[in-house]
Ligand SMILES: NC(=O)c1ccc[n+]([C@@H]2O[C@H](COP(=O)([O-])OP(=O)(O)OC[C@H]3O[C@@H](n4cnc5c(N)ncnc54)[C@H](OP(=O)(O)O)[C@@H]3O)[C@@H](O)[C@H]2O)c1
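Below you'll find only one chain, the form predicted on its own, shown as structure tokens.
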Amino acid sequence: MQTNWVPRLGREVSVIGQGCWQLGADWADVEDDTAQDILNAAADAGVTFFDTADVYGDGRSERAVGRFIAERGDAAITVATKMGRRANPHVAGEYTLDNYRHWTDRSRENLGVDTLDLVQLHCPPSEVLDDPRTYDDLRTLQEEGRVARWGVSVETCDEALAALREPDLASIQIILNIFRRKPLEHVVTEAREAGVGIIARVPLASGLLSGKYDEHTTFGEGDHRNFNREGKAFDIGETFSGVPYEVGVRAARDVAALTPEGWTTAQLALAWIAQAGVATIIPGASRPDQARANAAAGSLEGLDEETLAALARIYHDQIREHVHTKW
């Protein structure tokens, strides 16, 4: 497994991490024991970075990760969580120091730790990221020992660049995959130069880039790939990366045709991101074998120039018009 040192985080992390949204909610239900099997399979395969959030299953995901780290006892593991989406309504005025304290205290209890390794603002309104008081409050949490480092999870490149102005920002989590390439234009390079870790989320475009879906694939009633296709519950870019499903299925077939022998299409998609200079990538998994297969992408060779060029053409010819100007 390739690892990367993140100066602002002060930690070395595996290039393939583990996203834990599936262990909480908005996907097919994952039983508690299966969640532990998934987490341990990932760690056994070399994964050291695990990303969760306080709203995934209203704390269920955090509690699963907390049980895992307590039983695993591995100091090399980094757990990142997120806060802010518990605010109802989800407006800038709810992003206050008192709420930050409340939210992080709850996460510390769920995870069973005194200090959170990394806490990220969870896709807050843009005005929160533009407000200097936001970062002063996060520094206060750090001074109080509630968090070791802090970062942001954002929807747009402009939001990422706004956060990058802060000299002690540790990480930026942003959607980055073969179908969402815009962060490569500025965000990834500038973050790397500043020592800020880029955490690439939705790396498989909600499964589109696994190459396993077609026009007839259906998803459960409680699956965001069903109920959020029009952005009714949260930002539409979080579901299939904002690509219209039928467009994405056709483009994913062309991506799958480029998969090297012995690889899966999902591994191709993860290897492409790994070459982009990010700190870590956080695919989800609903089964232990998925976690192992994802982790294996962290030790694959880089893609050749011909394949990279073909993937770029797929984006520019089929996907760009649907996503590039929106995020």
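Keep in mind that this is a model prediction, so the values were computed, not measured. Heads up: residue numbers just count along the shown sequence, starting at 1.
The same protein has a further form, the form predicted together with the ligand, not shown here; the description that follows concerns it.
Looking in the predicted complex, is the ligand within 4.5 angstroms of a heavy atom from every one of 82, 123 and 238?
All three within 4.5 Å in the predicted complex.
If the cut-off is 4.5 angstroms on heavy atoms, which of these, 212, 106, 250, 90, is the one near the ligand in the predicted complex?
Checked against the cut-off, the match is 212.
Is residue 21 close enough to the ligand in the predicted complex to count, meaning some heavy atom within 4.5 Å?
Residue 21: yes, in contact with the ligand in the predicted complex.
Taking any heavy atom pair closer than or equal to 4.5 Å as contact, tell me whether residue 266 reaches the ligand in the predicted complex.
The answer is yes: residue 266 has a heavy atom within 4.5 Å of the ligand.
Partner proximity in the predicted complex: residue 272 to the ligand, non-hydrogen atom cutoff 4.5 Å
Result no; residue 272 lies far from the ligand in the predicted complex.
Against the ligand in the predicted complex, would residue 56 count as a contact residue? Criterion: heavy atoms within 4.5 Å.
Flag for residue 56 set to yes.
Can you say which of 71-79, 184-192, 203-211, 108-116 gets within 4.5 Å of the ligand in the predicted complex, counting heavy atoms only?
This holds for exactly one stretch, 203-211.
Using a 4.5 Å cut-off on heavy atoms, which residues of 288-310 contact the ligand in the predicted complex?
Stretch hits, in order: 290, 293, 294.
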